[in-house]
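Just the one chain here, laid out as structure tokens, in the form predicted on its own.
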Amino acid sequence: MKQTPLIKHLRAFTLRGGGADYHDQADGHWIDDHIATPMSKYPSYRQSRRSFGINVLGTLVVEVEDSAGNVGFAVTTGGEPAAFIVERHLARFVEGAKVSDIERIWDQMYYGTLFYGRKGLVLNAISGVDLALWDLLGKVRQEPVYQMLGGAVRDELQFYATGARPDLARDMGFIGGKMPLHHGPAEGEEGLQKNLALLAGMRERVGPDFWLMVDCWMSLDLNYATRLAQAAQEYGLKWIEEALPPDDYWGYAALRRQLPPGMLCTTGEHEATRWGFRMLLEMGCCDIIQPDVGWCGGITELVKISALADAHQALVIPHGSSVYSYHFVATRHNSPFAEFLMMAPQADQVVPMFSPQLLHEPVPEHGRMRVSRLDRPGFGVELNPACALHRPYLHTPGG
């Protein structure tokens, strides 16, 4: 019987400029244009999300190499602080293990960082390592990740588009369009009416049957979110997303009860682990959970989160994370469609979400993607050698 390789090296690098940290964009990009945020209460931080530092971390690149020379990798956010955690702390749980010991490695990484982790940056780092391990295992076994997760339950993925122009997304064949909310509570009644006018105009352009959603990015309070949702009922809003801060489980439960009939409440992009999602599900906070596989704990944890959601009859629609979520969505009945982030500056064309960092990154065509396009080993992508990697920290093997 062929011996399973051991993991020899774990390395963490940083990258700047787009890609996994998709907010790290140049001027003129729709993703940074007067979008409501928790910082919108301060006028000086209202126009640009970069102004308060949404792009300070940059991309984290994690590489794992085994004793046979196979290399798996993944990208997520976290930058230099996450690279420190990977190199100086997490490496001791990874190096020397079998490439197939993913469950044990995850458990040790999570509980070994519990005293300062649990969510946020630490879970970003754990997620990056976990995704790199799945990529490595797929390359060792010469299988795509979705096959290792139990195989596809559908032949084709369908997508909705997130961006400033749902009308263009409709013309490109997407099943729906989610646009950012531009004005928060601090901009008062005038801002609320501007939000509603934008929704009304977009509904007129896309027609009555196209899904139209709004992403509030943690920027609202319960009263404002309720008023917005009720006033938007006439525009056929399919869902209101991440309206409140992620820790306000009580507010989400109340908001969901107060939404107009047929409108869905969604959240979870900034939630992490099965315990965080257990709160959302058991408290009745939402109809759809939206974990980001690069932030919630990786594929290993997303599978557990999905099982929990399935038991609560909730859908799992991962936050846009390119191939890392596509392999998951292909394998789960309670994940019937996927998100695609429109990373063209004007949201007017389909471009790879994590460009320029990934090579062979598949994109939907007419809003759809055949699962067979994911058939390369691991996650099926390679790191672009033209990207300038920086390794800010080193560690001695095994610690």
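Note that the coordinates shown come from a computational prediction; the quantities given were computed from them, not determined experimentally. Note that residue numbering follows the sequence shown and begins at 1.
Below, we turn to the form predicted in complex with a small molecule, even though it does not appear here.
The small molecule is not drawn, but in the predicted bound form it has no heavy atom within 4.5 Å of R376. In the predicted bound form, at least one heavy atom of W30 sits within 4.5 Å of the small molecule. Taking non-hydrogen atoms only, P144 never approaches the small molecule to within 4.5 angstroms in the predicted bound form. Interface membership of L341, defined by any non-hydrogen atom within 4.5 Å of the small molecule in the predicted bound form, is confirmed.
Using a 4.5 Å heavy atom cutoff, R49, D215 and E269 all lie near the small molecule in the predicted bound form. For the residues H327, R165, R256, H319, the 4.5 Å heavy atom test against the small molecule in the predicted bound form is passed only by H319. The contact with the small molecule in the predicted bound form, taken as any heavy atom within 4.5 Å, belongs to K178 out of K139, R170, H183, K178. Judged by heavy atoms within 4.5 Å of the small molecule in the predicted bound form, the contact stretch among the candidates 39-47, 363-371, 62-70, 333-341 is 333-341.
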